[in-house]
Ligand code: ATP
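Quick setup: one chain, the form predicted on its own, written in structure tokens, and binding and motion questions come after.
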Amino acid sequence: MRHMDEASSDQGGRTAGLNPGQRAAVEHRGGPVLVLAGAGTGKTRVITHRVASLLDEGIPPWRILAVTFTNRAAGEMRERIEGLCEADHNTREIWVGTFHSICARILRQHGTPVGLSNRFSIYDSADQQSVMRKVLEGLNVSPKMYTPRGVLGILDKAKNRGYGPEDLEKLDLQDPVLSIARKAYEAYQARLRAADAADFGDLLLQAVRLLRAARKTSTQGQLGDLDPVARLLTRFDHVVVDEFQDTNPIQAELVDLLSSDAELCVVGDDDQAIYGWRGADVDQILLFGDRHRGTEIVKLEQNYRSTTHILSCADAVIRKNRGRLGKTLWSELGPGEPVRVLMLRDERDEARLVANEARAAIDEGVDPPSIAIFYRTHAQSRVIEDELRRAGISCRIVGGVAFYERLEVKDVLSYLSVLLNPHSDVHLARVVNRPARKIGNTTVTRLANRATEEGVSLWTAMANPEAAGLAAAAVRRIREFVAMIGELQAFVDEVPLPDLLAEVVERTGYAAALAVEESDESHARLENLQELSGNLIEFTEERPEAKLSDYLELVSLVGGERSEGDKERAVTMMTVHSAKGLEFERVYLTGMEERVFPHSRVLDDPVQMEEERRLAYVAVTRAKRHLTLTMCQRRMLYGQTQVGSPSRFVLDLPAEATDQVGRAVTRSPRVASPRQAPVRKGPAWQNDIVYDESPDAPFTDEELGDAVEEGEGVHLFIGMHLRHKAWGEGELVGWHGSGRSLKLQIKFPGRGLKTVVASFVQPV
């Protein structure tokens, strides 16, 4: 594998204004080229100039393929190519599109061999779940054990790797999951074929199967040249792929097939490969040179976005990853301001500081959309949203919705509303079949019609379901639902609000339905429900005498206030995953503690930890001039208070590029692994963390307190070591309930995360 840093010549001014690395990527010819494009190094400019340069050389537009991941990126690519070429070339003949659109185009023209007409339908997520629900019903599979979304997740993972039903054992599934998934896969595909339909995974898989078969045919006889699919293998002279680090195996194979007779140029950044959880495989870019002999590597390292201090911090974070090809970003923008690192008392102080600084900046004339607030998980946004609202600042949430508008939060709040007022038809209709309990739209419609005829509420009609003409099975389910609501109503004035919420999510089966999915989305939804519990704890602490009606009133008013404001003049909020590809003048990266960022779920997985480190790198490199990292001494998150220790990513930052504010983080020559830190009651700080005790320090140890929770006569804290007779010693990561219902979530080495009743373990 050869490395190339400079190009040899300028082609008629097309590459004027490009730096040496960019010029090399544009002008390279004669074999495959991997363009390692660091953050903010102008990769889109390279891609569009390369295509324009090829057209200038006389390459017919129809013999060029340019592929990217999103419709927005594809549209921008085509627009910029047209802008460069003006009227010189017919750019409409270039194949520019996403992986899925390119595959759909192939299947529309040639899909008959895989059972698709030129009018086939493409099923979206809702369509897929509807089909899978019928499949699972046909297999007599319990929806409590296998949800449509969960099984579809297995199928999607298989299709991303090019696996059919017969290959599912390659996913390391065990029976009975393996046999159920295989039967569901076969039945699901049969239903799609009968409907002349394909889902998103099929677009890729079926197109690749077509091209595989065509390649085999074209090598077995001269008639292969007559096959129109085989001609696709030799159609293109040049193939350019953007964001190659985000490809999965089936996408990489598609690229290889379509570039069989073409020069292949892939552009990407292994340091920004952050989508492993949705099937992307960083090995596709790391091992590209092994699959394509004679690959040139061109590195784009001059960054046009960020100052030197910010880039130094980014480099310090990412250089600890072993799985990378290696590059170092540099900038001519000067050192700029040091990266600020702030230690705050808790998440409320953190949110208040961010909101106050954003307010001050806006008052000084800073454009609100140039300010961004990042967090690792959506659940962290609630407190920040609250403080921004109090400061009179509109916020725009990218890649998500406001906390109280999230589906699972609205569902549970609707349950609470029904307990208080079951005659609220809107809330009752929302939850009657959430989670799914086989009370369908037909049943609800008949009950609603009966209620309208009688001039009563839906709840009143449910008291006599036979009168609505329901079948016996539907009557039984309605009566079970009504009985469940009645049981929960008995708790309203008898238990604290957080305990009432716990009873709702448990007795309704809501939490169990999410847990069984075992998907990243379901984990996020569970975290949001846990954060709602934290919100209730906070509310009851501030207003001990308040009732459920007071809380629901407050939430309704907050939701109304959030809907107001000019979103074009709003501060941007998002998870770090949603921030990729964006840039902002001012960035606040919040929650920089161990178990928050990096997330607690990745601490024991080296592969996922490398992706988490890449995620931190992405977060840092979004900032142009001002970057602030915040962390807390204690944080209530997911309804639990945990003692905070600075993220390992914070400990990696170079002192010369940072400015420690308040209780500064000080590093010893050797940084111990956070997982090897001694466990003690109270704040479990690492030995190498020292806090500045100057008069300006905003908080004292007395103000911090023990930062622990009471439980069964023992102080519980995140990181506490406990012993179980069967599973040995483990580490406490969370808990819920109280008294004899207190349950602990404990991570046991080699056995994973377990939920156990507190009375079955002993403190170490």
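Since we're looking at a predicted model, the values are computed, not measured. In this text, residue numbers run from 1 along the sequence as written.
Here the subject shifts to the form predicted in complex with the ligand, a form of this protein not shown in this document.
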Only one of these stretches, 722-730, 26-34, 63-71, 44-52, has heavy atoms within 4.5 Å of the ligand in the model of the complex; which one is it? 44-52
Only one of Pro369, Gly581, Pro496, Pro113 has a non-hydrogen atom within 4.5 angstroms of the ligand in the model of the complex; which is it? Gly581
Using a 4.5 Å heavy atom cut-off, which residue among Thr658, Ser533, Asn248, Gln272 comes into contact with the ligand in the model of the complex? Gln272
Quick one: does Gly750 come within 4.5 Å of the ligand in the model of the complex, counting heavy atoms only? no
Using a 4.5 angstroms cut-off on non-hydrogen atoms, would Arg182 count as touching the ligand in the model of the complex? no
Give a yes or no for Asn19: in the model of the complex, does one of its heavy atoms lie within 4.5 Å of a heavy atom belonging to the ligand? yes
Does any part of Arg622 reach within 4.5 Å of the ligand in the model of the complex? Heavy atoms only, please. yes
Looking in the model of the complex, the residues of 294-324 with a heavy atom no more than 4.5 Å from the ligand, listed in order, are Tyr304, Arg305
